[in-house]
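In structure tokens, the next block holds one chain alone, the form predicted on its own.
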Amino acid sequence: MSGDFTTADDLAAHGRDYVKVGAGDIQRIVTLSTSGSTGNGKRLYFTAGDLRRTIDFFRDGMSQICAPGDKVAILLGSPSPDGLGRLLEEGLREMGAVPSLLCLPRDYRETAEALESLLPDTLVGLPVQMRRLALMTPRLRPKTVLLSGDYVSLAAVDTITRLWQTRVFTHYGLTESGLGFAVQCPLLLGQHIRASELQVEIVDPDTGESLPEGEWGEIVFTTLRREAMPLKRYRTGDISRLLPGVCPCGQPGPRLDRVLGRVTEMRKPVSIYALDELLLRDDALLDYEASFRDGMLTVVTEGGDPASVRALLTETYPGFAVRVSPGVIPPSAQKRMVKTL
């Protein structure tokens, strides 16, 4: 552990030391790359009981978003056993919904056609990918949408809400937390934390000092019931705050406000979060990628007018040179960021 905290680098260097069960009790192992570490990725371990409680969280959380009999398209994860998609699929089945695991899009046109054929009541997916699908299929009109897996920009939420005339929910989760962490209730007033599994605090990202409710800082959690790999004061690197008071929906327990993003990305001269809020208001722009080096911001756009994008970026970032060119942005499961070259 790094001081009083556990970090991603700790798990990468000494992950097996955190495992508290025998090899025969481990049902799933996930290996993730670790930012800030030049060594191996961190490995995370789960028992059948750990996975069971994740299914329970998905079942209960999705019951606030869709109803028994609703068709739900899952555009996350893979078909691998005990993976995110399968666990969500099982939770939905248990609550009486009818899930279709479409997995992450590989071709947007094929996925759009599949959705127009399925006509789901609810969609679950990555924010920018769901925004793009809303632009491609404006007549789809699902009743609800759940965004998860990456930064959720207000621009993406507004576009999806407007085009599909739907209600957009958000979920925050990490593999380290057992995938589930916090999800919005129907009032959309903060994200209800998985309180039976996680003790959450907010700390100053620089000093590690604990912060009171209402103050923005880094999300830190301690697992309460994890069997395979319990974690104590794990630093997520993500910024949010705990909301004071009880949610008007009546559900007790702590709530997270919206997650503003990762500390490392927010401290870049240009962050993907600022670019999302700036660029994704334009319905003509389907997607983009950005990189930054030596005062030069380079953006590749799919759709939209590169000249208009360049003018907007030049106005917003007058201290940097800006280069914009058209291209094709393929679907990706990686968290989006400004590449620093």
Partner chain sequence: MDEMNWKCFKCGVPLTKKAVVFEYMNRSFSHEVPVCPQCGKVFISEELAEGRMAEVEAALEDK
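Bear in mind that the values here come from a model prediction, so they are computed numbers and not experimental data. Residue numbers count along the first chain shown, from 1.
What comes next is about the form predicted in complex with the partner chain, which does not appear here.
None of the heavy atoms of Pro138 is located within 4.5 Å of the partner chain in the model of the complex. Interface residue remark: Pro81 is counted as part of the site for the partner chain in the model of the complex, having a heavy atom within 4.5 Å. Of the heavy atoms in Ala134, none are within 4.5 Å of the partner chain in the model of the complex. Contact check for Leu179: a non-hydrogen atom falls within 4.5 Å of the partner chain in the model of the complex. Residues of just one listed stretch (25-33, 292-300, 47-55, 270-278) have heavy atoms within 4.5 Å of the partner chain in the model of the complex: 25-33. A heavy atom within 4.5 Å of the partner chain in the model of the complex is found for exactly one of Thr175, Gln165, Ser196, Ser210: Thr175.
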